[in-house]
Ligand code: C2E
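Okay, here we've got a single chain as structure tokens, the form predicted on its own, with questions on binding and movement later.
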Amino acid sequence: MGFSSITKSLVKDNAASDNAAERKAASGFKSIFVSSPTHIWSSKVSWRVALTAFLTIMLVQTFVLNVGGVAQFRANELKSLELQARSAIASVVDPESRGTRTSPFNESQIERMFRTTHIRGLTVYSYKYDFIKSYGEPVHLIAKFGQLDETYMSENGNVYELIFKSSDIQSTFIVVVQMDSSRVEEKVHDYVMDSIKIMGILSLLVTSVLMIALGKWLLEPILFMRANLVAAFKNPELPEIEDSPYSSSDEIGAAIALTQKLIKQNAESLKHIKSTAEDKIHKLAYYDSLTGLPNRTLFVQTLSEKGNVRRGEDVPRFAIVTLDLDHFKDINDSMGHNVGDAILRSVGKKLRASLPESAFVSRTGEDEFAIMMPLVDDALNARDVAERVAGVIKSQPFKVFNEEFQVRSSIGVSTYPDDGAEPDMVLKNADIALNRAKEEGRDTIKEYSEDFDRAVQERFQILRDLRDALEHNQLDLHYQPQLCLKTGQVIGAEALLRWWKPDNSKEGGSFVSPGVFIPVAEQSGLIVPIGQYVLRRACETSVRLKKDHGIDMRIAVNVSGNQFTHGDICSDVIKCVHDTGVDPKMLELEVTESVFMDDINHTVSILNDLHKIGVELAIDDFGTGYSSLSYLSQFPIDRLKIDQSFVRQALNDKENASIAKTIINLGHSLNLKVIAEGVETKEHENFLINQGCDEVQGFRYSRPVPEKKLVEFIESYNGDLNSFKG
């Protein structure tokens, strides 16, 4: 049975079926899978196979033709010329001629032979190979003993020569004959063209037979399989495929049956996976995987749904409470994330269990939670809800792995719609209040105030202006001289950042206090590029002081904690030293001791790398942190800097005086220089001299000044500390 009849039989059976789905599938199949001849020749694979088969057969026949056919045909044609020439010459040879000096041919006979045959020239030799006479065109061959079987063919194939022996022409003479063979090449050409036509027809015939066989047993099943795969690709979950008309007893039929089975299995798997994935995606998108609580996305969505009321309905009131676990990072860092995760799960469970069913509890960040609770009772306000939440956290320690942890929280509170017309705005305001609670010492509750929002906006404005200032070179450095108490000489200067912000005032602008913009730069991370800018400017200043004024002194630069821990301070210093040509010994980096204590091993590694570069290192504001003496001895530092608060109060407060004295003694015991800042009076100076302090800086000597005034100060200073007033 042909494939077309099989297809018709299938369609007929499907049409008779009562199942509507099967009829639809049969219809779809029929539209895709057409009867074999048309469908096969619409396939690229079929054309490739046919073309390959056709060319292969043509190539084989061409090879056979070239190897034997053409050469044999040419040889036969030349043999025919030879026989004609032999017969013609034998007929005009004089049988009575026996001499060795006289030609056996008559001139008139030769002329007639030239006119009636292909012979164009000949040369006669005696049986002793003596030349006798030539006729017609000169010949190329020469009759010699042992060379009578030679032939000659001109390059264009128009001349053919051979030698007739005595026995060939029944005579005692040897004759070299030249014939016109141009017709031979024409016949060879015609023979080749006829052969090519025959080969083409034969190749087409063989290819057609081959394609019919391949189409029935291979290509049609493959195309049927492809139609199934296309249907499965277009609709993987509900593929419209027809049952296979091919027997599974052979390899192709078995492959089709297996393919259809896999398509159906894949459809079922996709349905199951899709259903499972949708559930999982929903859970991942809207719920926290650690605590099982709703996440921030679902919290905002729920808040918006509850806050959007129809016209004429009463606007509901909600308390929005956001909380952040205080110092949670310390728990993670010291006890490990397993303990931290357990505490977070416990906090979520405790909040959910302790608050009313109407409260919506969610985890909105790493250690942040948000609660939305309807205020249906006029006696209940958002502050009450916040205090209840704080009480839940503080009520009792959290027990994790047989250890107890007393957790505290900072809490921000806002009320919808009192603190915002949009639900997400109210949540943002609660976050603002939370940030204020953390800024003011943590473990406290802050209710949202519009002043908080204004403060946030001011910080953002400062940050935007600071970015512009860095981009437009509005930042500058002032320098405060540092003096040696023993020699009175200026031995260095501290580079201090100043920001002149242009405006429309009469002065054209004003200085922005470092106390205002430095914290903003620290919080935003902008302090890293600012620090790089300060470092480069300080190095350039040091080079100019030495080159233009012969002043060779140390420039001290404050390094931010962000630069030290998140930037690449070593690379920055190396690049500045290389680009500016500054002597590394003339550069000092000041870092606060709190930065040193964050990661001791990392700190020691970076300090050693900086020391190898050749720069000097100082601990700034020493005494205000919590340095360990055992770690301090490991640091390759050169100088301790006493915080100005101890110096200013040393004359009036014995405790501060004792601290200053202890720092000086500690520094000397570690072979470090000690410099005190904040020296404002002669009494401060005398106190430090009596305690053995090495170096000083402060308003007694000079305020921070621009580079030009620093040069003027150094050039006008006579080296006598007593020359300063105050």
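Worth saying up front: this structure is predicted, and the values here are computed from it rather than measured. Each residue number is its position in the shown sequence, starting from 1.
Not pictured, yet referred to below: the form predicted together with the named molecule.
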query	finding
One residue of Arg74, Arg537, Arg648, Arg345 in contact with the named molecule, assessed in the model of the complex (non-hydrogen atom, 4.5 angstroms)	Arg648
Among the candidates Pro417, Pro514, Pro529, Gly200, the residue which, in the model of the complex, approaches the named molecule to within 4.5 Å (heavy atoms)	Pro514
4.5 angstroms heavy atom contact with the named molecule in the model of the complex for Asp324	no
Partner proximity in the model of the complex: Val559 to the named molecule, non-hydrogen atom cutoff 4.5 Å	yes
Contact label in the model of the complex: Glu695 to the named molecule, heavy atom within 4.5 Å	no
Arg498: touches the named molecule in the model of the complex, heavy atom cutoff 4.5 angstroms	yes
One stretch from 667 to 675, 697 to 705, 52 to 60, 654 to 662 that, in the model of the complex, holds residues within 4.5 Å of the named molecule by heavy atom	697 to 705
